[in-house]
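Shown below, as structure tokens, is a lone chain in the form predicted on its own; questions about how it binds or moves come after it.
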């Protein structure tokens, strides 16, 4: 799958994560802002990276603002953003 355009998913509400994807950035990078960064930052980044790999997404910048989302929420937001970014609509 290829990311064709910038996309986003999620909210800034408690227990959610706001994901923004930007294609064509030269390499894959993840910028994370989180209320639980010190404790769970590496786990959140790992979940984001896993979803990118599952969908074969490369050369993308991920910006994420986390408000305490659980892994399944992070995965759902990533998948939604990928599908929106891969759409021609």
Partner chain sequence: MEINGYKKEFELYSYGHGNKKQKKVQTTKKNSSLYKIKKSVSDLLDEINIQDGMTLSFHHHLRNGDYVLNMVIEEIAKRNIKDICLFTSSIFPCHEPLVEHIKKGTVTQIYAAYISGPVANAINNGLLQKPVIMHTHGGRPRIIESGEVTIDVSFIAVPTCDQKGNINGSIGKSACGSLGYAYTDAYYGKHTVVITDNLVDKLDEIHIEGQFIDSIITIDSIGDASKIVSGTTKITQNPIGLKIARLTTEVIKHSGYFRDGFSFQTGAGGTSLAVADYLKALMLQEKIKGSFASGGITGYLVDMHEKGLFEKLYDVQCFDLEAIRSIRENPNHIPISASKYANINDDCIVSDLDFVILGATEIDLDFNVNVTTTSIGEIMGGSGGHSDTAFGAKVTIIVSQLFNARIPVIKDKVICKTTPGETVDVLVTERGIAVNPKRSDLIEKLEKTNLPLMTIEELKNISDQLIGVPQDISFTNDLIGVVEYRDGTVIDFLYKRNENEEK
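Please read all numbers here as calculations on a predicted model, not as lab measurements. Numbering follows the first chain given and starts at 1.
This protein has a second form, the form predicted in complex with the partner chain, left out of what is shown; the following refers to that one.
Proximity of residue 30 to the partner chain in the predicted complex falls outside the 4.5 Å heavy atom cutoff. Though the partner is left out of this view, residue 19 does not reach within 4.5 Å of the partner chain in the predicted complex, counting heavy atoms only.
Residue contact check for residue 68: one or more of its heavy atoms lie within 4.5 Å of the partner chain in the predicted complex. The partner chain in the predicted complex is approached by residue 44, whose closest heavy atom lies within 4.5 angstroms of it. Using a 4.5 angstroms heavy atom cutoff to the partner chain in the predicted complex, all of 15, 40 and 74 count as contacting.
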